[in-house]
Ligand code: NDP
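What follows is one chain in structure tokens, specifically the form predicted on its own.
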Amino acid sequence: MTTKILNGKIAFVTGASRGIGKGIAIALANAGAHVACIATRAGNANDVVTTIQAKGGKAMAFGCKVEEGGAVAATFAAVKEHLGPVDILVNNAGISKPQPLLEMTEENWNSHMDINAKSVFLCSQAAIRQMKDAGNGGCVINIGSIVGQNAIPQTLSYCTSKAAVEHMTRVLAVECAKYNVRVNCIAPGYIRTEMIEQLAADGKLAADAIEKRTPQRRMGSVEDIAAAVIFVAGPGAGFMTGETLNIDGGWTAYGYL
């Protein structure tokens, strides 16, 4: 049973309807947080809310297009009204649509930048405003990717957007430390989620080859990432800010193909 180290905290998780975001939302609730589960449409997050409530946790679903400033402002206002000011923000929402460079469309580039990077700016700004006004500090956790550091062919827009998330983390951390707000990034490696399974089914990813390339000889699990989020959000990481944690089974450290 997870210790309630986040008891009473208000957590805002984007992309909470499935995959890593769903696992993070459940883990935060298990740790005692009251979780605002954010999806493009509120109904998409109903399953995770039901799962949390069935285990005695607290959660509400909210709909928000996190790449749109007006929608983000309205959603943060609604969360504050219903739950209180945000203490923990997890910027998890993201997309991955591989395309070779010479076939890549402007739409592909823009959608990755908007959903993977612009949303981090918009949500972080809104959350940190609430944290500053409340005066209790806070924690922002950006879900990046090891491809923000490692070059993977046919994923220019995805890699670039995730590199932006990692550097945004450092700038936010330095600027917002004076508000007692910590900002860190968790960079997952290959995690077995619906998105990875779909990429494998589409022939855009070779699961067996990834497992062989990974020193731990497996893909990661959603629980691996959720556990890292709980640590970074908790008091044990109180002096950590501006950092990126690679949770990748040794992928980045291993430089040999």
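We number the residues from 1 along the sequence you see. Fair warning: this is a prediction, and the values are worked out from it, not measured in the lab.
Just so it is clear, the following notes concern the form predicted together with this ligand, a form of the same protein that is not shown.
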Please determine whether each residue of G138, A233 and M240 possesses a non-hydrogen atom within 4.5 angstroms of this ligand in the predicted complex.
no
Check T214 for me: does it contact this ligand in the predicted complex (non-hydrogen atoms, 4.5 angstroms)?
no
According to a 4.5 angstroms non-hydrogen atom cut-off, is A16 in contact with this ligand in the predicted complex?
yes
Check whether F76 has any heavy atom within 4.5 Å of a heavy atom of this ligand in the predicted complex, and answer yes or no.
no
is_contact(N92, this ligand) in the predicted complex, heavy atom dist at most 4.5 Å:
yes
Scan A59, A226, C64, A31 and let me know which has any heavy atom within 4.5 Å of this ligand in the predicted complex.
C64
This ligand isn't shown here, but in the predicted complex, which of 142 to 150, 102 to 110, 79 to 87, 174 to 182 has heavy atoms within 4.5 Å of it?
142 to 150
Taking only heavy atoms into account, state which residues of 165 to 200 are within 4.5 Å of this ligand in the predicted complex, ordered by sequence.
P188, G189, Y190, I191, T193, E194, M195, I196
